[in-house]
Ligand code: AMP
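Next up is one chain by itself, shown in structure tokens, the form predicted alone.
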Amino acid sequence: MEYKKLVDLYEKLFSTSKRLEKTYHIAKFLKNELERENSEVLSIIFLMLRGRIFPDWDDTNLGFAAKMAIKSITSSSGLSQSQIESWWKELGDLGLVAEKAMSKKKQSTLFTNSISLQDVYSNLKKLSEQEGQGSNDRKVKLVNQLLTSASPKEAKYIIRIVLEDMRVGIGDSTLRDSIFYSIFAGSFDYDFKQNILNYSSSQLSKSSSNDSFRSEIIVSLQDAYDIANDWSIVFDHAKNGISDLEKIKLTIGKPLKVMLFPKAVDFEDAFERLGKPCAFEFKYDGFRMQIHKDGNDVTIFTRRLDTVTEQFPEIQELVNKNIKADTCILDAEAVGIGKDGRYRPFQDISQRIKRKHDIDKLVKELPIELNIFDILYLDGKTMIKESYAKRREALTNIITTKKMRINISEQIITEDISTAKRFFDKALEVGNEGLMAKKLDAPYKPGARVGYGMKIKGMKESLDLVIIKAEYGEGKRAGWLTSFTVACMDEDGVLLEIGKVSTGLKEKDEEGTSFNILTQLLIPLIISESGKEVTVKPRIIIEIGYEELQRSQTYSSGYALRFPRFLNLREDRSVDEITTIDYLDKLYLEQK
């Protein structure tokens, strides 16, 4: 398949901010271009539609920095580096710089070869494989091979994707609806286009037979994705009919997105939304783990779907000795344990997540307790559609608990508010954040905040936001990034600014997360500079406390934070899990 076809789709997607228009363009592309493509090409397409080379559950990075992109554009275009850097300062987007440079390149050839999608993907995938001395030069050469034959528009998107800065604003709901329209909704004529543009998936619950048909298909597609965690697999099966989606099964070793939980206003709110009785469990201040057991092989994923098996050898041992199952997928929380037997706060043990060396030493210095609270798969059976009560029963049947080592999350089931409040006080007393309230007859819904469970915390709700810009400081803070623009996310993955934060960071590294530490994390992620301000890849998630949420026309979210304060680095969070604009709307109304 020609890469040009995907680039033409990119151009249409970037020409509109309307989700339904994006849905139409993707649906038409899928119908016209991909219906007969093999599974390998489908996989590439669905990854690159979202500006990715590797799936969400693969933590491999391309490792291609802005300076390398400048070198590639300079070499491929025959223009001077100073000219490229000048355009970068002017345009603030190296993708646009590449487009401009390749349209003016001096070393133009009489014939240009068409670039295939597979060639682009293959070269970009090889970037992550380059290691050791000379690896940066080899990476630049791989990108040069593509740019030399690329059209200006193709060059623009090649550079954007190697910098991991596509930001196409394509969320799971858009891809799901696009698959529905491309396969199940008839021919592509003017009326059909208007049908898409005038119809939103939020209306699928209407009572007409047509709406019922749409709703059933949409639910089936979403259920299939919840299991596959890969839209290319869903599309490939859906082409064979809706019944073929039932052939998709969970795969041990391939993680699912974890189920997320909205915040309850209070216990009355929790009971109203979840029903009576419901389960209440400790909300541990640890880091989420999804554990895959296949015989004696144990693989551990974070909530970001990063693999951290080697960092936690004691968990591998605990699972093999205390879980009576040949195969299973468990949802759990690893919590630090102090010498006094009390739980330690998340920040005390977060360093274990990325540590590659001295693992044995950390196991002794920062011991953890594994608290298992859900099961998704057990000995060949997918459990996510079973009720929570049945999943909990399955857990109790396979786990041998050991105090301060491996446990099932502490729980009560009640319909009495006073009883729930006493359990809440107990949770706080031993060092937990609060409680999780869970609906007893609810399934497990990967990646969604659907009201099957709610969190009840003992403190004002903080926000998890991603840094997208930063500014260099002056005086004694010169050389450090000291002011950080943070963003939330809308339903299609578009990042929306909500303010700037600098308060709460430390001057010295030994005091906690400092300006220097955050600067070192952000510098490799810089994709553009303008005076003292830099734009960075949205990778670093931070927890923000605040006094009040205010309406604002200054920021694209429509909100601003009064007295924002840095609380913690959230290395366990992915960009897909940051605070959403819908949640901010809810917080604002509650505040009012």
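Predicted model only: the values in this text are computed from it and were never measured. The first residue of the shown sequence is 1; numbering continues from there.
Another form exists, predicted together with adenosine monophosphate; not displayed. Remarks below refer to it.
- Message: Does adenosine monophosphate, in the predicted complex, lie within 4.5 angstroms of each residue among F46, L49 and D230, using heavy atoms as the measure?
- Response: Negative, none of the three is within 4.5 Å.
- Which of 233 to 241, 212 to 220, 434 to 442, 117 to 125 has heavy atoms within 4.5 Å of adenosine monophosphate in the predicted complex? That would be 434 to 442.
- Message: Within 4.5 Å, heavy atoms only: does R19 come near adenosine monophosphate in the predicted complex?
- Response: Heavy-atom contact with adenosine monophosphate at 4.5 Å: absent for R19.
- Is there a heavy atom of S409 no more than 4.5 Å from a heavy atom of adenosine monophosphate in the predicted complex? Yes, S409 lies within 4.5 Å of adenosine monophosphate in the predicted complex.
- Does K455 reach adenosine monophosphate in the predicted complex if we count a contact as any heavy atom within 4.5 Å? Contact with adenosine monophosphate, yes.
- in the predicted complex, does F346 have a heavy atom within 4.5 Å of adenosine monophosphate? Contact with adenosine monophosphate, no.
- Option touching adenosine monophosphate, based on a heavy atom within 4.5 Å in the predicted complex, out of E154, E333, D226, D177: Of E154, E333, D226, D177, the residue with a heavy atom within 4.5 Å of adenosine monophosphate in the predicted complex is E333.
- Which residue, K100, R303, R160, K71, has a heavy atom that falls within 4.5 Å of adenosine monophosphate in the predicted complex? Among K100, R303, R160, K71, a heavy atom within 4.5 Å of adenosine monophosphate in the predicted complex occurs only for R303.
- Message: Pick out the residues of 276 to 292 whose heavy atoms come within 4.5 Å of adenosine monophosphate in the predicted complex.
- Response: Sequence-ordered list: E281, F282, K283, Y284, R288.
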